[in-house]
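One chain follows as structure tokens, the form predicted on its own.
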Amino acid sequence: MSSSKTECQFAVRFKGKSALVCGAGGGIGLATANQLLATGIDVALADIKDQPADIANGPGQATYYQGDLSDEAFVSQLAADVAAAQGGIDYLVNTTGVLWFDRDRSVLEMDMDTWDQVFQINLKSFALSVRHVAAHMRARGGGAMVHIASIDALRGDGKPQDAYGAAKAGVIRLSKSLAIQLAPDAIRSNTILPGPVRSPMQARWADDPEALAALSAHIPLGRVGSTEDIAGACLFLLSDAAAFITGTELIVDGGCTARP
């Protein structure tokens, strides 16, 4: 099926809808927001970063909100402003996150202030957005949420980023609980677990040709993922094509976790 036909089908399913994408200042969040904008729906992009230059030029209307997504006062106002400006909120995408290779190490040695900061950004921000968006989804008669976790939540590592992995495991657990709590309101909650994805967060290997080639050779599909790969999976889980899917995890890793 051609990409144009795929986009057309998504556009029909998303017609007249409204989305909030948290962590949309770059990477997976921005790619997801751009794909949603391409379907013609209005999208609010939120991040602590400055507004990126490469937000898609419609056909949906984009609005950028800059602020700290781990600050409840900001998130509460954000949800209210987005719902007022866009006539409600149908979709929530949580992609906010940091991966600090220089500070986030084994819990046996890391500074616990770093642990707390990672959890604030990578997990608390998700909880806050859900807390303040859910009522707006109920008012619309339902909705869908997608939360970005990681395959790192499924395994240990001899060279760990323990705060990152533990927070991502928390995202999976939170999403499952929300799926049960919000099902009576016709609100679905799912997670995506990306494998290696070429994005600014992964600059340590994404900008190193030798490291990139070695990593690609380890992946069964023979390449690392793109932010658009994850965005496409996200649009599927938001769409009516996934209307009977909630409380689950979609692994998008090129086959990494299938390896022995």
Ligand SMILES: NC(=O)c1ccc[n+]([C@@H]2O[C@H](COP(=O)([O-])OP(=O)(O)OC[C@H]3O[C@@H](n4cnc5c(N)ncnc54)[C@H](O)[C@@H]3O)[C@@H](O)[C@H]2O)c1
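One-based numbering along the sequence shown. Keep in mind it's a predicted model, so treat the numbers as computed, not measured.
The next section is about a form of this same protein that is not shown, the form predicted together with this ligand.
Visitor: Report yes if all three of 49, 121 and 149 come within 4.5 Å of this ligand in the predicted complex by some heavy atom, otherwise no.
Guide: Heavy-atom distance to this ligand in the predicted complex: all three under 4.5 Å.
Visitor: So this ligand isn't shown here. In the predicted complex, which residue out of 98, 85, 107, 154 has a non-hydrogen atom within 4.5 Å of it?
Guide: Residue within 4.5 Å of the partner: 98.
Visitor: Which one of 200, 209, 222, 59 is close to this ligand in the predicted complex, taking close to mean a heavy atom within 4.5 Å?
Guide: When this ligand is considered in the predicted complex, the option within 4.5 Å is 200.
Visitor: Among 138-146, 155-163, 176-184, 90-98, which stretch has residues whose heavy atoms lie within 4.5 Å of this ligand in the predicted complex?
Guide: Only one stretch qualifies here: 90-98.
Visitor: So in the predicted complex, is this ligand close enough to residue 39 to count as touching (4.5 Å, heavy atoms)?
Guide: The answer is no: residue 39 has no heavy atom within 4.5 Å of this ligand.
Visitor: My question is simply whether residue 228 lines the interface with this ligand in the predicted complex - judged by any non-hydrogen atom within 4.5 Å.
Guide: It does not: once this ligand is placed as it appears in the predicted complex, residue 228 has no heavy atom within 4.5 Å of it.
Visitor: Contact with this ligand in the predicted complex for residue 69, defined as at least one heavy atom pair within 4.5 Å: yes or no?
Guide: Residue 69: yes, in contact with this ligand in the predicted complex.
Visitor: Although this ligand is absent from this view, report whether residue 188 comes within 4.5 Å of it in the predicted complex, heavy atoms only.
Guide: No, residue 188 sits far enough from this ligand in the predicted complex that none of its heavy atoms falls within 4.5 Å.
Visitor: Could you list which residues of 27-41 come within 4.5 Å of this ligand in the predicted complex, counting heavy atoms only?
Guide: Sequence-ordered list: 27, 28, 29.
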